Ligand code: ADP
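First, one chain by itself in structure tokens, the form predicted on its own.
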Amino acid sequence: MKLDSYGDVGGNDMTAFGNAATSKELLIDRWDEILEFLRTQFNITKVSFNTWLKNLEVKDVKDDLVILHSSDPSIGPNLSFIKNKYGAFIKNAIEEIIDDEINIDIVSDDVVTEKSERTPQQTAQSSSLLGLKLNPDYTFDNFVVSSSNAIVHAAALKVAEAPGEYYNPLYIYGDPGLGKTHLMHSIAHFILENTPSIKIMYVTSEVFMNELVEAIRHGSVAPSDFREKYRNIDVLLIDDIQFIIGKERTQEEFFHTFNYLYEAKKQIVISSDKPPRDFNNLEERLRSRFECGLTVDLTAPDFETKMAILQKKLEIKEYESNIRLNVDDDVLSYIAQSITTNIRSLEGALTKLIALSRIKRTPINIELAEEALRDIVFPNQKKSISPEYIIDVVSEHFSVSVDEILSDKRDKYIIIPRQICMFLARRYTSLSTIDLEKVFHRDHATILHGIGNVEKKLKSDDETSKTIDIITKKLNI
């Protein structure tokens, strides 16, 4: 329908809305009112509103089509999500205020740039990243900054902006689940997006050690090739360095790799659960090198930070699933108050709550949150590990999303984490294989096959055994 009036329909003294120039001016005049109506009437959270809608503006009006745009660079890649999730709400808000039927479109100032330049950049990224996959959600934009992590965040960002020039090495330490891996992935993402020609190696110390052992034991990779792999790079990010402590040959090799990169002014970023001074079995020459740069620690977040993290995590889950998750702030507050350990447990609690809501087909409210977190809120009861928490930790370990693990995809990089989830859920939860069918959306035979496959590998494959051991430690079992 073509817009023909502004204000109450039927008035003789009304300004013609069909005039594009005039209608645009009038719409701009009432835009703040429309945004406020949109926010309040559709119960849009503050975080969602500020992230996706606050910066929308009226670009043009053509007949009955209202064209909105945003100069925010993050809008471009997310246009489809915004249209699908909020398009009907925006349309309804405009129609309520102007009292007429319209259609809307949302465009971004950088749409052309995104389409023409992003694919080559992504190609450069994939060719410049060596080692393990990065979690696409672990970026600086998705990292909630607070008093407990502001210094670490600033240092990580500085390193990402100018690799090798500041804080080399950057040594990040803190208890499990506080965001060390998130920051390391953020550094890699930032460099790849802004300087894709730089070669980055992201690995865990376990991967480094296993590759060295394989090179020595089986000769599948010559030691010289192993060294070339780790020295012909511009940035080395190595996670969980504590696992090489006490491994003399691995420490020796890493010492020489560290020296080579450091003297070449290549950036080194290390994460660990302790500061260098707290490792009794760490060689003094390595300790001194770890401490020659900047050592920063992550501490547990306060209540406000936990609320912000939950809201951000909710935003990501909504974006990934393209489904609106109606989670009130009082439910998030309940989670934030209940979880006192780390961010991973916080995210795991939210994941468990959402999964429980889907399985039981019930809305997310305080009652459901109490059921989902009963073992945490009532510490005197016997605690249990939930399958949702296991899936969350495994997904992070393998850098695949929870949705991929629960999807129908049959790619090898997804099947292995999925089967490990099944195995751990059967071993460490009270759920039967029949119960696990509902969790993983698989039939009974598939669940049994997945569990059996992992059990078989544990008897013959050292790599699988080490992986299960590390994930079990991350689960704090």
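Residue positions are given as counts along the sequence shown, with the first one as 1. As the structure is a computational prediction, the values presented were derived from the model and not from experiment.
Heads up, the form predicted together with the named molecule isn't pictured, but that's what we're talking about next.
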task = Let me know the one among Pro276, Gly293, Pro176, Gly131 whose heavy atoms come within 4.5 Å of the named molecule in the predicted complex, would you?
result = Pro176
request  = Quick one: from Thr195, Asn142, Ser333, Thr204, grab the residue that has a heavy atom within 4.5 Å of the named molecule in the predicted complex.
outcome  = Asn142
ask   = in the predicted complex, do Ile390, His397 and Cys421 all put a heavy atom within 4.5 Å of the named molecule?
value = no
query = Is Arg344 close enough to the named molecule in the predicted complex to count, meaning some heavy atom within 4.5 Å?
reply = yes
inquiry  = I'd like to know whether Ile405 contacts the named molecule in the predicted complex, with contact meaning heavy atoms within 4.5 angstroms.
reply    = no
task = Answer yes if any heavy atom of Ala93 is within 4.5 Å of a heavy atom of the named molecule in the predicted complex; otherwise answer no.
result = no
message = With a cut-off of 4.5 Å between heavy atoms, is Lys180 one of the residues that contacts the named molecule in the predicted complex?
response = yes
inquiry  = Only one of these stretches, 144-152, 224-232, 364-372, 349-357, has heavy atoms within 4.5 Å of the named molecule in the predicted complex; which one is it?
reply    = 144-152
